[in-house]
Structures are given as structure tokens and as C-alpha cells.
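First structure 1, then structure 2: two forms of the same chain, each alone, as C-alpha cells.
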Structure 1
């Protein structure tokens, strides 16, 4: 059982009220959250220190313009934040940040993390086309009814890890029929309880792992199986990989948005990776024709081997792909398989070592001759 703060306002208003309280009371010096940045409804992650600017915050808006975990990594790459900051991020974004911290790409110090039982986000295309506001009522209605939200990212529909594992505070949304006028805020840690001390509201005991949550997890599992069956990655083989990844135009946009791709200079973007003229000549003599740019398949497979073990399934890679390659589904499938082999869930625990950084004298003995 956890301590629960109940506020008699909508979920969005309640979170705004909480953020305002934390900033106004001086318990935090900054707020990292989604915020409307113009009159056209565009949103972006922002670091806010002004109560006036906090009025435009939309912490539960169903859009991920960038992975918040990657942005928090950038903020703390050279050192931890000097003053307490509250960060409102989705479960997969928080897990991504934890993975980056494990790789010495950020610091958790001085952060208070708020997350939610997540119904997913819409693809960026919907926002760019200006249609997302029309879908908001559909989004919250499905969330209340404990249903998978239509038109959200495929990886969101099939995400089983929609409860945050390391958040100090969790906003209960899924299956809550009265989130339009009431909000349950779970205080998961002593830090979370300490920070909300003094806020107006009712404190009770509650359980986040509700029947609705269990039911939604089962629905997501079924959706994941359906998603994997549709792509049929087990039947890919070399031909399938070439046909799928052969559409890649070499823009490397997927790596730019991926929270696990953190290198300042990726080998695939370096001059070393570029083919010299004599390489083209050799290949042309051997094959008679050569696709330009070359090596798009090897690039995708290389990235898959690098990030698969820590893929959190945020779906941004497929979202930005101009060739409409189902990258996120492929990475989710391969990542899911590898993670199960090592009994490893990325971002579950900051103390849990990444399998590729550990050594065991005996491992996978069942596949030895």
C-alpha cells in the first residue's frame, strides 16, 4: 500500500496545482515539463523557473516531441543540477534516463520525478497536421474506460511497462473514471512524501497495481503479440532484412532521436564510415551496380545490436523515419527477446547492471555443445 494524495480537480489541473505548489513553496527551483510554446498549440519540453510561464504547462499532454530522458541527460551531462528540479516524464522516458545514467550520461541528483500510468502518446504526424486537439476527448475517454487508445504509437499500444518503476510520484490515470474531477497522486518514496508536505488535499492509503492496471497489461500483451505477428520478424532472414532496411535513405534520424544512442559522434556519421572512391570502384567491378548511399542495412543492424538490450520502446525512431520503416516494432521485438534472455528490463533499477558491461564465467550453458 502507498500513501495517496487526493485532489478534487481534474488530473491535468491537479498536476498543475502540484507543480505550482512545489515551485511557489521553494521546494524546487525548476520544473521540467511539456509546455505550450505558441498560440497554435505546439508543445515542447521546457525547463521553467517562473510561475507565470508555468501557466502554459501541459504535463499530461499525449505527445512526445522528444524523449524526455534524453533531454534530462543533456541537462546533466556535465554535472548534476545545482538546485532541486521536478521532472514530469512518461515511464519509458524515465527508464531511458536511468539507462543513460548507468552509462555515465547524466545524473539523478536533485531530481524529483513525477510520472503516470501511461496511456501512450500520438505520433508526431498527428500533431504536425494539427489534428491532435480533436483527439484529446477520445484519448481521455479511452483512458477512463481502461481501453487502449486508438491511433497512438504502435509501441504505446503494446507497452506492458506503463507503470513507472522509479518515479517518486505517480499520477493514476488508467481506468480512473473520475479523472475529469478527481485525481489520485501516489507518493511512492519518502522523497515524494516530503516534497508534497503542506499541500491542500486528502491523504489516504491506496494500491497502484489495481484490477484495471492488470487488465490493461493483459490487453497490451495481446496487442504486442498481434504487432509482432503482423511484422513476422522471425521469418525475415537476410532477404527480409534487405527488403525492410533497404528502404533506409541513410538520414540517421532514428539515431538522433533515440535516447540510447548517445555518442557525440556516431561512427556512422564519421568520415571513417564514408566509402572512399576506390571502394566504390571495387564494388562496381564486382557487382556492376551499387546503391547510394550504401550500407543502410548494416547501419540498422549495427544500431540494433548496440541499443537492443536497452530499448525502452518509446517509438520515436519509427515516428521520424521518412521511409516509413517499422523500426520501433523491429527494435521492440529484438529488444524484448534479448532482454528476456538476460532477465533484464531497461530502466527498472539504476543499480541493475547492463548485461553487455558485465562478465560471467558461465552463461548460456544450455546452448553450448
Structure 2
């Protein structure tokens, strides 16, 4: 059981209210949230310090224009924020930030985290085409009815980790029939409780892990199985890999948007991969022909070995891929395999060490020959 703040307004208004309260009371000096940037349904993350600007905040808007965790890392890479800031991000964005902090790419200091039980986000394409407003009522209806929201990102539809692990405050959305006029705000940490102290509302006890949440987790698990079966990753083999990654145009957009791909001097983008003529000659002698640009399969599997262990399944990589390669699904699947090996869940706990940075003396003897 945890402490719950109940506000008799719609979930969206309640979060707005909460953010306003935090900023107005001076408990926080800044708000990191999604904000409308025009009337076409375009939203972007913003760091807001003025109450006036907060009016355009749409903290629960079902779109992820960039992984918020990556953005928070950019904001704090050179030093932590000096004064308290509240950040409203989705569970996978929070997990991504935790993974980046483990890699010394950001700082948690002075942040208060608000997240929600998450119904997922739509692919960016829907917002770029200006069609997202038509989708909103469908989104909230499905959330209330505890159904998987149609047309959201494939990795959202099959995401099991839609309950935030490290948020101070969690907005309960999944399966909550009354979110049109009531909102339950779970105060998971003492910090969360302290920050809302003094706000208008009713305080009760509640359980976040509701029946609806359990049933949604099962639905997502089934969906994940379906998705994996559809794409048949384990049956790829050499042929499947070439078919799948042969479509890659080599833009490396997937790595640019990936929160976990943080190196700014990526090996794959380096001159190392600009081969000297003799390399092409050797390859051509043997192969009789070479796809240009080369190395798309190697780039992808390379990224899988580097990033898979910490992939949070946010889905951005697939979203931006101009060749429509289901990259996020492939990363989710390979991620599952390698994360299981080490009993590791990216972003669950900032103290949990990244598996490749630690070891046990007695393990994996089966890979030795």
C-alpha cells in the first residue's frame, strides 16, 4: 500500500494542477515536460520555468518526440541541475535515464520524477501527418477499458514494464475508468510525499499493482509473443539478416535517437569504416560484388552487442527508420535474451551494475573450450 493523492479532475488537468502547484510554491524551479508547440498536434519536450509557459504543457500526451531520458542526460551531462526540477517522463524514458546515469552521462540530482502507468505512444508519423488529435479519444477510451491501444508503437503494445520503477510519483492511468474526472496520484517515495505537501486534494491509501495492471501485463506479454513470432527473429539466420538489414540505408538515424547509444564518437561513424581501396579489392575478389554502402548487417549486430543489454524498448529506432526495418522489435528480442542471461533489467535500479562492467569468478564456463 502506498499514499495516494486524489484530485477530482481529469488526469490531464490534475497533472497540470500538480505541476502548477510545484512551480508556484517554489518547491521546484523548473518543469521538464511535453509542451504543445503549435496547433497541429506537434509537441516537444521543454524545460519550463515560467507559470505562463506551463499553460501549454501536455504532460500525458501520447507521443515521444525524443526519448526524454536522452534529453535529461543532455541537460545534465556537464553538471547536475542546480535547483529542483520536476520531470514528467514515461517509464521507459526514466529507465533510459537511469541507464545513462550509470554510464556517467547525466545526474539524477535535484530531480523529482513523475511518471505514469503507461498506455504507450503513437508513432511519430501520426503526429507529423497532423492526425494525432483524431486518435486521442480512442487512446483514452482504450486506456480506461484496460485494452492495448491500437496503432501505438509495436514495442509499446508489447511492453511489460509500463509501471515506472523509480518514479517518486506515479499517475495511475491503466484501467482507471474515471480518469475523465478523477485522478489517483501515487506517492511512491518520501520525497514525492514531501513535494506534494500542501496541495489541495484528498489523501488515501492505495495499491498501484491493481488487478487491471496485472491483466494488462498479461495482455502485453501475449502481444509480445505474437510480435516476435510475426517477425521470426530466431529464424533469421544469414538469409533473414541480409534480407532485413539489407534494406538499411546506413543513415544511422536509429543510433542517433537511441538513448543507450550515447558515444559521440561511434566506431561505425568513424574513418575506420572508410576502407582503403585494397580492402574493397580483397572483398571483391572473394565475393564478386559488394553492396554499397557495405557493413549494414555488421553495423546492426554490432549495435545489438553494445546496446542490447540496456535497450529499454522505447521504440524510437524503428520509428525513425526510413527503411521501415522493425529494429526496435529486434532489439527488444535480443535485449530480452541477453538481459535474461544476467538477470538484468535496464533502468530498474541505479545501483544495479551494467553486466559487462562486472563479473562473477564462477560463471559461463559453458562458453569456454
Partner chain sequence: MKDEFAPKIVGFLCNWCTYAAADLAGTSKLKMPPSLAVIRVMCSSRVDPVLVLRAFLRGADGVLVAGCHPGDCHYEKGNYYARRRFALLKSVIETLGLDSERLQLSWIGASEGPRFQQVVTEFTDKIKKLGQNPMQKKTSL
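Residue numbers count along the first chain shown, from 1. The structure presented is a predicted model; accordingly, all values stated were derived computationally and were not measured. The term rigid core refers to the maximal set of C-alpha atoms that superpose within 1.5 Å between the two forms.
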**OP:** Of these two copies of the chain, point out the form predicted together with the partner chain.
**Re:** 2
Subject >> Threshold 2 Å Cα movement between structures 1 and 2 for residue 288, core superposed >> reply: yes
